[in-house]
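Okay, so here's just one chain, in C-alpha cells, the form predicted on its own.
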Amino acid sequence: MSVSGKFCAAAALAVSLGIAVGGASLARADERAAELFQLCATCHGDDASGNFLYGAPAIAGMAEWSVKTQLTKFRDGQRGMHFDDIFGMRMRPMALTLRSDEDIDRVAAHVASMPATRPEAELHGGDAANGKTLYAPCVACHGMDGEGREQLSGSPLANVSDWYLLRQLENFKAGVRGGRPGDQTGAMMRAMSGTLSDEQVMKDIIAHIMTLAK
C-alpha cells in the first residue's frame, strides 16, 4: 500500500474509533441522566407530569436553562430554605444529591427532552379575560406566550400547573421566596407580586396563563 493509502486508512480508523468512543460516551451520559431522574420521578412522575398531592408541578418539556437555574438555586440555598416553604424544603435535599454541575446539566437536558404535558386545571374562579390584561407587565420577562426569556431569567409559565403558580405567587408576596442573598430574579418577583392585591387577581392571571398551554 502506498504511503498516501496508509495515511487514509489510518485516518479512517481514527475517525471510526472517535465515533464509537463518542457514541459510547453519549450513551453513558443518557443512562446517567435517566438514573438521576428516577429520584425526581418519585414526586414528579415518570412522565414528569406532576403530582398535586406531592406538591410537585409538571416539568416535562420545560426549557433546559430554566430547570438548571431552579435546581442550582435549590442546591445553593437560594430556594427551599424558608420554614414556611414545606415543598421547597423537600426539593432542596433532592437537589443536593446532584453532586456536580454536570449532573444538573444531565437532569435538565433529560427533563427538557420529555414531551410536554398539559396539566389539568385545579383552580376555579379565575377570569382569563381580565387576567390577560393583568398579565401585561409579566410579558417583559416571561414572554407573550409564557415561553420564558432566558436572557432575563424569566421562567417559562405555559404548561406549568396552575396550583403551583398560585403557591409561588403567594410565597413571593409573603416573602417566603425571593428573600435569599443572591437571588436577584427572586427579589424582582417578590416586588412584582407585591403589586397583586389579592388571590383573585392572582387567579385571573393564572387563568390566562393556562390558556397559553400547548
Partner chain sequence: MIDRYLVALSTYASDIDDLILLIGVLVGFWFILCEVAFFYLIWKFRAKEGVRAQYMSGEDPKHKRWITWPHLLVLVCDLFIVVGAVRVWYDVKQNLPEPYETVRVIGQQWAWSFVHAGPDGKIDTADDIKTVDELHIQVGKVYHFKLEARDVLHSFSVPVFRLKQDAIPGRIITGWFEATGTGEYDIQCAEICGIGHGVMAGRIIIESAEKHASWVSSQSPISLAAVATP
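Positions refer to the first chain, counted from 1. No experiment lies behind these values; they were computed from the predicted model shown.
One more form of this protein should be noted, the form predicted together with the partner chain, which is absent from this view; the next part is about it.
A residue is said to contact a partner when one of its heavy atoms sits within 4.5 Å of a partner heavy atom; L134 fails this definition for the partner chain in the predicted complex, lying far away. Though the partner is left out of this view, P115 does not reach within 4.5 Å of the partner chain in the predicted complex, counting heavy atoms only. Although the partner is absent here, G125 is not a contact residue: none of its heavy atoms lies within 4.5 angstroms of the partner chain in the predicted complex. Although the partner is absent here, A187 lies well away from the partner chain in the predicted complex, with no heavy atom inside 4.5 Å. Residues of just one listed stretch (106-114, 82-90, 140-148, 69-77) have heavy atoms within 4.5 Å of the partner chain in the predicted complex: 82-90. L39 is the sole member of L166, A63, A174, L39 with a non-hydrogen atom within 4.5 Å of the partner chain in the predicted complex.
No residues of 103-139 lie near the partner chain in the predicted complex, the criterion being any heavy atom within 4.5 Å.
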